[in-house]
Every structure is written in C-alpha cells, then in structure tokens.
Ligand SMILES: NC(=O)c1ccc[n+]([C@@H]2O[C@H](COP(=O)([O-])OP(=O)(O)OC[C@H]3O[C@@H](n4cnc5c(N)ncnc54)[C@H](OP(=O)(O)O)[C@@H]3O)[C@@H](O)[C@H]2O)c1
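Next up: a single chain in structure tokens, the form predicted on its own.
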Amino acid sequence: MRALILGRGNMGRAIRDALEARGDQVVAVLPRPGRAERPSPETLAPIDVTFEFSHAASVLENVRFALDSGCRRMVLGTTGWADDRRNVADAVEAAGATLVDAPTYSLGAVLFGELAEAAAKLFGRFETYDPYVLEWHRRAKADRPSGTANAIAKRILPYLRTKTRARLAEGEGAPEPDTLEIVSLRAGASPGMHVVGFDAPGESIELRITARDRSAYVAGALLASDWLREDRPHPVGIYPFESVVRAVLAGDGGPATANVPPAARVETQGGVVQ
C-alpha cells in the first residue's frame, strides 16, 4: 500500500511507524497547511490511502489535497471539524471517494459504545440510577469534551428516561435534573480514559475503558485502511468507522447498516453537536 499521511503529530508519526513496520510505503508525512512548503499533490500519485490526523482547521484543505493527488480512499481521525462537514462531504462525494471518519479509531472504544448503549437501555429505565460520562486526556488535548465522550453521550441519551440533553460540566451550582453531565479532565499525559456510570443511593455501576498508548488507535486506523482497499464496492461519501467494525463483525467485510439511535442533543463549549 502507498500511503499519504497528513499531520505530523503523535498519531501521524505512530501510523507512519506502523505502516513501515508491516512493509507498506509511506509516500509522505506532511504538516498542516501553512506550517511548511508542500509538494504539488499530483507529484505524490498514486496514493492508495490517505490518513488525515491533523487539526480541525486543516481538514477541508487536507481532504482537497488528497483528492487532488488522485486518492479516493481516506481515513480521517481529526475531531472538532463539524463546521466544515458539509463542504468535506460535498468534495468527497463529487470525487466519488470514500472517507472513513471516527472520533476514535480504538476498536475497544467502538465496542465499548455498544456496551454503554446496552447499559443505558437497562439502567435508563429506572429513575434511581443517575447516569454520567467522564473522560480524561492529556493536558495538551485541544477539544473538550473528547469526540468519543460526545459520541457516547449522543448514543446513550435516547435511552435515559430522566435526561433530555447532555452538557459539559462547567460553572457553579448543580446541573438541571434533566442534564446528563459530561466531565472532562485535562491533566498529565493520559492518552485517553472514558467512564460511563449509573449511580444510585445504594450502589454504583461503572463501565470504563482506558488506553495505555496510541497503538489501539493506530490498529483501528489500519483496519479502516485495509477495509477501504478490499476489492468490493464501497459507499461514496463519509462512512463511520463503527459501521466498518459492524461489517467485520458480520463477517462479510462489506458495508453494514448502522443501527443508530435517534438524534440526541449534546451541548458543548462549541455549541450543540447534532
């Protein structure tokens, strides 16, 4: 596989090392637009898969750069780019390309989401169990709450009888009773920890996933790239990583129909996540 990596951060470097370790060719690892001079995209062709792990402000330009190189398969792991989603989708669809997108490429996190939803369907029916979401990442992580925490909150909210919205915990005073609290901690060097809990007067239940390093995220990104390269029809446009995982679980490798609950309202510092 000939791969292009857009983003020289921790994930970009980790993906580069993993690709080279298994014998794939990394054509280039490029910084964000404006950080350094870039080659013309057509000089990098052919590109089998582009990995975009940079910064929210760079996503649209990076996607267009990859498409200009002739690449039609992309794995995108940057978060916080919702404002550009329509423009990115239009560019990808117009080119007949497939872009796999996810707030996290941890296979464990995707399966953790399935467990969290199942737990919400059980405990959410009883008002005595008060649900919450907690996440902890390194101090330097730019977005809060994390994309994974947002995704978990959106996924469980439709099944929580007492909650109508989710919101990042901030300010003073207790939250409204109908608010699902998302607690976001930024400290140290933690690569990622997420907790979904249900607390009652007499007992507390917690589901927890803790990343030890970035290898879990890299493995998921490579899983997505290998799925994209399979000799079978792929959906045009933006395709969620969780549906790739469902396809693998189904054993057919092809597109799986996502079982997505109704849209939920999740409020963050940046506004409402639809």
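Don't overthink the numbering: it's just position in the shown sequence, from 1. Small disclaimer: the values here were computed from a predicted structure and weren't measured.
Here the subject shifts to the form predicted together with the named molecule, a form of this protein not shown in this document.
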Tell me, please, which stretch of 228-236, 54-62, 203-211, 243-251 lies within 4.5 angstroms of the named molecule in the model of the complex when heavy atoms are compared?
-> 54-62
So which of Gly124, Gly113, Pro103, Gly192 reaches within 4.5 angstroms of the named molecule in the model of the complex, heavy atom to heavy atom?
-> Pro103
Is there a non-hydrogen atom of Met11 within 4.5 angstroms of a non-hydrogen atom of the named molecule in the model of the complex?
-> yes
Residue contact check: Ser146 to the named molecule in the model of the complex, 4.5 Å heavy atom | no
The named molecule contact at Thr98 in the model of the complex, heavy atom, 4.5 Å = no
Gly77 near the named molecule in the model of the complex, any heavy atom under 4.5 Å?
-> yes
Scan 204-232 and write down, in order along the chain, each residue with a heavy atom lying within 4.5 Å of the named molecule in the model of the complex.
-> Tyr217
